[in-house]
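Okay, here we've got a single chain as structure tokens, the form predicted alone, with questions on binding and movement later.
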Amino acid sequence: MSDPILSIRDLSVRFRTEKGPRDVVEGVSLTVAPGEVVALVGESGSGKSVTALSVLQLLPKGLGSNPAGSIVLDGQEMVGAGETVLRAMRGAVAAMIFQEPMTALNPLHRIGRQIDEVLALRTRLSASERRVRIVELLAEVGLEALASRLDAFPHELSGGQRQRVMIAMALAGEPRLLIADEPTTALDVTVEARILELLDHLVRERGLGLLLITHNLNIVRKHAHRVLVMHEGRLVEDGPTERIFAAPAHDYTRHLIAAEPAGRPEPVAADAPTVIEAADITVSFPLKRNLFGVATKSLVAVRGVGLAIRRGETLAVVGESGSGKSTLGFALLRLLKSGGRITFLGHDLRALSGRALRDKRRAFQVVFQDPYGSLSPRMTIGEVVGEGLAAHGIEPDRAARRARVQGALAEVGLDPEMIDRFPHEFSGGQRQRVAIARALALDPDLVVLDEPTSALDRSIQRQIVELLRGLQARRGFAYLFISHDLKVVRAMSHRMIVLHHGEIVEQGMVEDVIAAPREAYTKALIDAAMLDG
């Protein structure tokens, strides 16, 4: 193995908190050589992302972070380096793929412009040459269809598409080291496989070093040369991938390997009433308008979809990124304009508007895919979770509302004493649990779960799945569960529908579909997820 492109020695990071200084990373040492994939694994809050952000000195200043130790990147010491050095290293020598695309992409700039900015800064290509390169980069990350939509804004893309745009931006500067912080979190299994194959190709053909941060041990087992396990800010084990999985030495490593969503949901009562029923749901987005504002070209994202969910039942919606899963969920909640019929608890949702619709919305809630983007950074998590209670006049007494919020936090596995902290003080997985608590606090009849476990490590996924199943068994919630993770779908759901290009191509009981898929598309999804029939 050649000399490392990255060498970290005795890295420690201390954050300033209300209770005084706290060490979040202690004595971490690691190396990444050209052509090597090093996986950094551990549960949410273990210090993985803090370690990664330290490499390019990207830790938030507001946290009072105080990195100590040594970080040598391509021969340059990064700890204590000036802004001129840091700007020269960021993007050109090392680039990051961040975990949450909606916070990393500029919501006011079109995707073509954002990739072009990197090329203009890091290359000498002309404007026309840069445009050709943008199309090539999008094709490399599986976004050939966006070549004609370079003027699209991030909010017009699916979560998986946004994630791939970020990967294209990271590759634009042709760095020697790529730091990938949960690079496939928002991607379905088939696209995940393509992205990882792309990263493998870059490592092999360009000699790229890759520091891969992930909670998905299936990815680690298949793609990493070495594994480093972090727990509570420290490295507890490291070694070749085969040895770590075959004979883990540390109890915590064994715990991670054994963690997997398991079990099945409680059966639905035979006489369970229908909570929501929809027929012929169609959603289209205008791509071009004439001078009078009339759409002359549209993209049909969902076409003629019908479904029904009963009390105590979970219906999973699966499919590749851009297949219309999230669009369907938002249309059912009347967050997007759509055609068709939607009946909720016997009421025609299309007949409701204004105050009547607002009052009804207490009964259906949503957990969004991107936890950081859906939480106000200026509100404490107590205010975030309690906002819906205040809006609907529930628990008008502040003390009673605070107690209810603390109870919701406890239900999702968070310390109730964290109620006065802000979202930036939590890991990605912890923020996702705050979002779940916000939805559950209103005790709704229907919850749309849009990739609720995508940002969580496997052990926390299992806890959240068990939590959601337990809440459903006790309170009878109906769930519309949107996910690309078929292992979680299997543990959570009674029935599933498979969407492809906005249309249902297969549906049925989860176990029946997994055991004997009729469509080749469904079989490809199951094969990519490495599910046994």
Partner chain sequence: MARFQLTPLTRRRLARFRANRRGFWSLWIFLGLFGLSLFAEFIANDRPLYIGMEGQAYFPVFQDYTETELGGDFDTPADYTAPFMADLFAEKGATVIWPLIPFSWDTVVRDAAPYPAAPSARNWLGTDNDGRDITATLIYGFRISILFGLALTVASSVIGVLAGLLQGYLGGLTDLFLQRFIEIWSGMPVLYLLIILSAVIEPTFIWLLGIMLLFSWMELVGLVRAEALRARNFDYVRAAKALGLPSTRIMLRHVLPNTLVATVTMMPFVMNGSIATLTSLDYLRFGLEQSAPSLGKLLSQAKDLAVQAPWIPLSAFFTVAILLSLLVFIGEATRDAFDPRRGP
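What you are looking at is a predicted structure, and each value in this text was computed from that prediction instead of being measured. Numbering follows the first chain given and starts at 1.
Keep in mind that the form predicted together with the partner chain is missing from the display, and what follows is about it.
Interface residue among 215, 162, 438, 431 relative to the partner chain in the predicted complex, by the heavy atom within 4.5 Å criterion: 438.
Proximity to the partner chain in the predicted complex, defined as a heavy atom within 4.5 Å, holds among 233, 373, 265, 154 only for 373.
Contact with the partner chain in the predicted complex, defined as any heavy atom within 4.5 Å, is confined among 365-373, 173-181, 94-102, 128-136 to 365-373.
By the criterion of a heavy atom within 4.5 Å, residue 378 is counted among the residues contacting the partner chain in the predicted complex. Taking non-hydrogen atoms only, residue 237 never approaches the partner chain to within 4.5 angstroms in the predicted complex. In the predicted complex, the partner chain sits beyond 4.5 Å of every heavy atom of residue 426.
The shortest heavy atom separation between residue 388 and the partner chain in the predicted complex is within 4.5 Å. Contacts between stretch 321-358 and the partner chain, counted in the predicted complex as any heavy atom lying within 4.5 Å, involve 330, 335, 358, listed in sequence order.
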